[in-house]
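One chain comes next, on its own, written out as structure tokens in the form predicted alone.
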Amino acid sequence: MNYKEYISTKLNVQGVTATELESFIEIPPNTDMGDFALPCFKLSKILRSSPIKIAEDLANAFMVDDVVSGCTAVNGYLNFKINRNAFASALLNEIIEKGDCFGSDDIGNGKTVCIDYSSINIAKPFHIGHLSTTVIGSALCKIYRFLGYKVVGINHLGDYGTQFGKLIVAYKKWSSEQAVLEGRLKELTRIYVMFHDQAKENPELEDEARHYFKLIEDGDEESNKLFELFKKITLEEVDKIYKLLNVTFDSYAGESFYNDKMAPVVQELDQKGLLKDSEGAKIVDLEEYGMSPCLILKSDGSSLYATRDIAAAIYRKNTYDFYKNLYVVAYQQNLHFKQFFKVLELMGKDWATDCVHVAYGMVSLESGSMSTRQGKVVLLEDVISKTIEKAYKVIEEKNPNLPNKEQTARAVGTGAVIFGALCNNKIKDIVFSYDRVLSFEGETCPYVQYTVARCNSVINKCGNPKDFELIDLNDDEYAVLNQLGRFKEVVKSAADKYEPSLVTRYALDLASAFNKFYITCRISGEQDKIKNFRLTICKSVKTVLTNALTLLGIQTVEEM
């Protein structure tokens, strides 16, 4: 049952619709206060009365029933208590019936969401700075699919620009095909760093790089053959990491894909009188909107990121007819997205408001920021390898007879990396620390995974209940059920706010509530009615925690 909807339809507040009231209703932080609460401060201006009086009047008029068993006014809040037995019965039966579909919905049926994320650069290493965009975008894909949306995950490859001219110059001067095939991305990174070191002393190398990139654009066979080699090696290497992180894409259309789609954009901007000359370059003036100009063409006629992004957005709308078009890109690009979204709006694209920049914080090293040009990066592959190695050592120490130790260590290690990146609000900056990422204590993924394994252990020991009877709930039992009942709302909120960390925090809250229940509520040795009810709680927690972690791209384990 949607309790918020039920309560809001029973309330009769003049000038406020039931839908508005439903949006105001909250879940109190402490169940002693009630199961749901309406803060009447939000009604004070509409009803021209104090929140305290509004709450008292509504409490006096509200009729309790078999669903809502109590309604009280406390300091401007209208607190509701629900019939906990009816709630427990309906919830547990639904979880058992729906299993891995519990929490899913069909609200997205008929709607497409495009999600642009990860967007690696060809011939550059997949470093820890790419972690946030990759796991946030992947989680959003899974969350939206869970809610019935058709999702198009897009890896907008950085496969266009003078850096490829630089690589060809570096390849010809300091490498070979054999060295690249053997060294792969490490060799490409080595010569890329070498180019920038040498270019400080020999600036003419930059002219050579521009020449070779022009050859790529002009279809030169040798230059394009090298470009395709660099691209093939990059995608093969990063695919190993994507598989570890449970990340998939529906499209790898990168910047070069839009090379022949930019001229119509420039033409349309010109026809609509939006293009202006500025020292030989072509711009869209955004001063009226408090922004610097959006540069469309350089003075030499070459395109820029904005040109390609406008072309990509139009292509995606024409191809997928998206409901939402999300860009999971660091907040350093805030201005860029504001500019090109505004240009789309000025072009008369009424769907421009459906384009959303999902900004996230930057990742830096404890010793400073990262730079591919300087060769100063922490490779994501190394991070994952170290966490898997650490997980394996812990398993060897604590449970040396555990079957499938390598598989468990892989699930725990990769889960720790993903969970660590998704644990806090996405907009926060992260200072990367091996100690913190490799920690297996506190609010971590291994804690949640261990809770799933603990549920499984209890079920294996005490039996898998086929049905249950209700018992008088104690506070710890209800606390777990209350958390279980929140899952649907959390998933929808994560989609609405583009915030997978809501699912991460939820998993921690549910695990915490369950572990307290596990300590205080005996299962083995209890009479059958109590045992089966508590086993049903264990089974339900295992199901919902597994569903939550799956949405984050994290595997659970049966035993740890």
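Residue numbers run from 1 along the displayed sequence. Quick caveat, the model's predicted, so the values are computed rather than measured.
The following text describes the form predicted in complex with arginine, which does not appear among the structures shown.
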Counting only non-hydrogen atoms, choose the one of 93-101, 400-408, 484-492, 326-334 that falls within 4.5 Å of arginine in the predicted complex.
326-334
Does any part of Q198 reach within 4.5 Å of arginine in the predicted complex? Heavy atoms only, please.
no
May I ask you to check whether K142 falls inside a 4.5 Å heavy atom distance of arginine in the predicted complex?
no
Arginine contact in the predicted complex: H156, any heavy atom under 4.5 Å
yes
Answer for N121 alone: is it within 4.5 Å of arginine in the predicted complex, judged on heavy atom distances?
yes
Only hit among Y305, Y315, W174, Y392 for heavy atom within 4.5 Å of arginine in the predicted complex is Y305
